[in-house]
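Okay, so here's just one chain, in structure tokens, the form predicted alone.
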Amino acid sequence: MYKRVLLKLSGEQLQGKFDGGFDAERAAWIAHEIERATTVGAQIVVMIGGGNYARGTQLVGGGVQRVTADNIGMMATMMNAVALADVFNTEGLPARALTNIKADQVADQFTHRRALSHLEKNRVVIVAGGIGRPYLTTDTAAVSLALELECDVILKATKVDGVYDSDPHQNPDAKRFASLTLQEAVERPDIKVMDKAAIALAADHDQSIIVFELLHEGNIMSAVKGDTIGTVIS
């Protein structure tokens, strides 16, 4: 079993039944799935994306500069984090939102000590703002954060049950991998589950990643317990 894990959630997973925005019912379901994992003693860090509100790379152009667009994307993650923390706490799962962007009126600033303090008090730590700088994705931020907080593994929650050599929604013959090395994940162009900078950072520090389907009851618990699930990249 893993004692401390980083769960990477995309913004799109929080829009649930809507075309965009935040679905509180989906967030409540995620809260209950995470709570099950905490009952076995696991500490949970969540790195949240913002694609349900804004993606920096999609906003560039028409006068919007890349740095501005990335900053908008990071602010979108902050909206998700504070909403998610509210839902988690309402559902009985103690949680705190921290941000790598300075916004004291909205959420506490992320610091290493503050995050560890919340984890030691058995609170879920939800981190917004990516890495706090443009040109870096929340996937890269997730790996950096997992290393900083000495997480045992990164749990990358996706729409499918692991890593495939092509999109299984478009190719019925797509092959799923039970396991991959970090080096394979960096070098193979058909592996697109995380951006290459994120995987390269994980490879540099031997940080294992488990890619699994979020919307399957019990999957977070199974991943935390170390059960065979999804695709292991190590």
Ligand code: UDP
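Sequential numbering from 1, following the sequence displayed. This one's a predicted model, so the numbers in the text were calculated from it and none came from an experiment.
The same protein also exists as the form predicted together with the named molecule; that form is not shown, yet it is the one meant from here on.
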What is the one choice in Ile34, Val193, Ala69, Val186 with a heavy atom within 4.5 Å of the named molecule in the model of the complex? Ala69
With the named molecule left out of view, which of Leu84, Val163, Met74, Val127 would have a heavy atom within 4.5 Å of it in the model of the complex? Met74
Proximity to the named molecule in the model of the complex (heavy atom, within 4.5 Å), stretch among 111-119, 146-154, 88-96, 74-82: 74-82
Would Arg26 sit within 4.5 Å of the named molecule in the model of the complex, counting heavy atoms only? no
Report yes if any heavy atom of Val106 sits within 4.5 Å of a heavy atom of the named molecule in the model of the complex; otherwise report no. no
With a cut-off of 4.5 Å between heavy atoms, is Ser10 one of the residues that contacts the named molecule in the model of the complex? yes
Looking at the partner-bound form in the model of the complex, is Lys159 within 4.5 Å of the named molecule by any heavy atom? no
With the named molecule taken in the model of the complex, which residues across 39-74 come within 4.5 angstroms through any non-hydrogen atom? Gly49, Gly50, Gly51, Ala54, Arg55, Gly56, Ala69, Asp70, Gly73, Met74
